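In the block that follows, a single chain appears as structure tokens, in the form predicted on its own.
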Amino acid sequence: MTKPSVAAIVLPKEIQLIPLLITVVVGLVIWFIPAPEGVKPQAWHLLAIFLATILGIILKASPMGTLCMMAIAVVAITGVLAPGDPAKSVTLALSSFGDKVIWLIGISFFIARGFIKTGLGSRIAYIFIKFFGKSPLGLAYSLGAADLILAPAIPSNTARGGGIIYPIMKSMSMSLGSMPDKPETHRKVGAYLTLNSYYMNLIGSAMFLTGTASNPMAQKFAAGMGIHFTWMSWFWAAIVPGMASVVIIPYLLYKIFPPELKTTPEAPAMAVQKLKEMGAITKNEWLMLLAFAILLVLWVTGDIFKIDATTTAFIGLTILLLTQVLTWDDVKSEKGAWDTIVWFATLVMMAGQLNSLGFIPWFGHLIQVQLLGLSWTIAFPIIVLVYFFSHYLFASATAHVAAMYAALLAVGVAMGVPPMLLALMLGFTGSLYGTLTHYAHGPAPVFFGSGYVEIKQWWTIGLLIGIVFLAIWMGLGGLWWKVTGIY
């Protein structure tokens, strides 16, 4: 019998030894490089920890939560946040766990569980298909509309797309003759619906502050620079380019990547059958719907009644717990929420401290000097394009936002770009760049894993749709933001 290696004995299977070693070595190399002139040594050392963590996430050296726990431990042990004061260093390392934005996202995950547990999310999708699913284009709009309705209350676009929309999309495709294991049938309808459902998921993620987990991270970083926007101001800025995208993308995709089937009369019948199997709407579904309505009303009117988004999320969760739509065991078992709270708090803490210690302003000034002489109208699209296309290097939207959002925002503001304009556009881009690759955003591997779309098609069409997104959001969106006074 072969004797197992030490690594095989010591390391769990989810920890990749070589990527982990690369991560540690890179962090140490940066740590021991002398800090550039104008940068505090402690800021430089924190940067080493931060970049090593981001690299570990990109290389998938270990689960994100594990990497973030390691980062907190190193920050606390080295005392980079408070040299000579270990107690204060630990307190600062854990400071973001009390941040309201962190808990907004965590609680929204719990609320999302209610949609899945009660079946309300699936019911909404089947209702749309029942009335509008007589053609592939109608099916595309129906699945997209269902995702859009669920997006405000389900911040995990992976749970929304992979847990609710994807199973329905795949079931519909197979019933219409598109079988994942038969490549000759992929273009019947499955390939078209796969790409469209994914793109519509990204639009919903961009339109709502609570549409995907990285949006509140952007909000937090912007607030650290004195740029403040709310759930409603985000939605108000996104509504015109967002709804234009909802209308344009399914039709455009239908033209450039058309399904072979032109009518799908079986789909509404299948939806009707599924609704019959689900039976009449249950008490828990009504209660879930009520909680959802209260959440939306309070998120929309929060500025008027001085109720912030996190307080609203607590109210929604309390309603679901008191009515037993969710139990405390449901909350405890929602691993995605607790995982998100851990990595979100850690990355926000490090990025925020880099700003407080002066590194991000220094970096922004450095880039500004290199781009000296450019007007803000030229700098704005350059910054957005750099942010968008650099996503080819990232397998995590969260890692990308953590690594580049604050730095690029600082650069743009220093060059005279209207702060709110840049903060929001970079925030929206954090979802829109998900078109580029089959690993670009949480739901991408789920939809790509269906097997309906080849990798070459995914990248080629994704690039084209990404360019269209940029044109819609920077063009039509830019006009809308001018009219509304954002800049």
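Note that this is a predicted model, so its numbers are computed, not measured. Start at 1 with the first residue shown and count on from there.
The same protein has a further form, the form predicted in complex with another copy of the chain, not shown here; the description that follows concerns it.
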Please identify, from 248-256, 134-142, 184-192, 72-80, the stretch that has a heavy atom within 4.5 Å of another copy of the chain in the predicted complex. 72-80
Residue 97, heavy atom within 4.5 angstroms of another copy of the chain in the predicted complex: yes
Quick one: is residue 128 in contact with another copy of the chain in the predicted complex, heavy atoms, 4.5 Å cut-off? no
Would residue 63 count as touching another copy of the chain in the predicted complex under a 4.5 Å heavy atom rule? yes
Are any of the heavy atoms in residue 363 no more than 4.5 Å from a heavy atom of another copy of the chain in the predicted complex? no
From 368, 282, 230, 91: within 4.5 Å of another copy of the chain in the predicted complex by heavy atoms is 91
So another copy of the chain isn't shown here. In the predicted complex, which residue out of 375, 171, 273, 263 has a non-hydrogen atom within 4.5 Å of it? 171
All of 119, 175 and 308 within 4.5 Å of another copy of the chain in the predicted complex, heavy atom check: yes
Partner contacts in the predicted complex for 314-330 (non-hydrogen atom within 4.5 angstroms of another copy of the chain): 314, 315, 317, 318, 321, 322, 324, 327, 328, 329, 330
